[in-house]
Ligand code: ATP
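First, one chain by itself: the form predicted alone, in structure tokens.
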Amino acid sequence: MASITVNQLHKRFDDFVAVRNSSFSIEDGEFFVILGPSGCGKTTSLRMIAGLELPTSGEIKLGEDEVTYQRACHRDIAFMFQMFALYPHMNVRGNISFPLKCQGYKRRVVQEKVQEVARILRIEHLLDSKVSGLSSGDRQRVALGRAIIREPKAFLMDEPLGALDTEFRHLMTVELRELHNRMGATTVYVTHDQLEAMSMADRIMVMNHGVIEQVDSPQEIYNRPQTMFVAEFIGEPSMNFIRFKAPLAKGDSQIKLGSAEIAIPTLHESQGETEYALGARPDQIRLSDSSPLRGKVLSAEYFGSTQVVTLETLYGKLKARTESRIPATYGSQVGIEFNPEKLIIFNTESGNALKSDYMS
């Protein structure tokens, strides 16, 4: 296995810039997820790492070797697509063994490796089956088997679970992570699904319009988003934003919304009077009769021990995740309080979070 280093990677298609001067590194044995909406540049980045697209400029290193303009067949990587791309005229054994046969391995070695891979993926009973008769989940395992049998330096996966239904996707998410833990393989995984990313990744790289917004652990991505885009893209429901205009200075520890004074983590920088957004996750909002900041209950979604309450305020709609026992009747007026320790202030013009005691 090997680390992957990307430096100032840039890809232009005529007048369209798909990836803009991206730099990041992936550690040996890491499960690294590239996450973002359609058209953000995540698949283009993966294809350049694989050698299926050549960059306009920049550098790609696989371990200590520079492979920026090297052909894909010379990079010793395995690529998995969203569509399984299995050979329909071969059975499961033939599909899995195909890469080794192409490399001229002896028959005995091929048979041993096929059995080992089938055991890891729990498909030994399917080796002599035709792939056309398999379920989507089993076809995905066969595609995985064909990838891992080569023992490449890195696995690159482009939305490999996108064609599966919800139940199989959840199952394969768990199995992919377990497989990674057993093999310790360097894995780069592209998805637009935040649940897949949050449940599998060691680190996540969030992209938007060809630009890297943030690279961090799932916990840091959720708790400390560096931009408004990341804060809104990650989380279900996503982060609430309350926009306001006021002068803010280094050392400030509260803001004013109407008659309500809201405590915030002490700011470490000044940006003067401009438009800001107060960012609060739904689980950082409490309903309290004593607060001067008020909202009208529009709906309450029940989730067992918790509920998601939608509130209409003077600053727009907010969503709060509270205990189900707290009354939230449609049309009722309630007070709104925040957990001051985890609030984030964003500059709405740049979209960036201000540095504070929380966002240091």
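These figures come from a predicted structure and were not determined experimentally. We number the residues from 1 along the sequence you see.
Keep in mind that the form predicted in complex with the ligand is not shown, yet the notes after this line are about it.
Ala18, Cys40 and Thr43 each touching the ligand in the predicted bound form (heavy atom, 4.5 Å): The answer is yes: all three residues contact the partner (heavy atom, 4.5 Å cut-off).
The ligand contact in the predicted bound form: Glu159, any heavy atom under 4.5 Å: Heavy-atom contact with the ligand at 4.5 Å: present for Glu159.
Proximity to the ligand in the predicted bound form (heavy atom, within 4.5 Å), stretch among 32 to 40, 329 to 337, 55 to 63, 297 to 305: Careful reading of the contacts points to 32 to 40.
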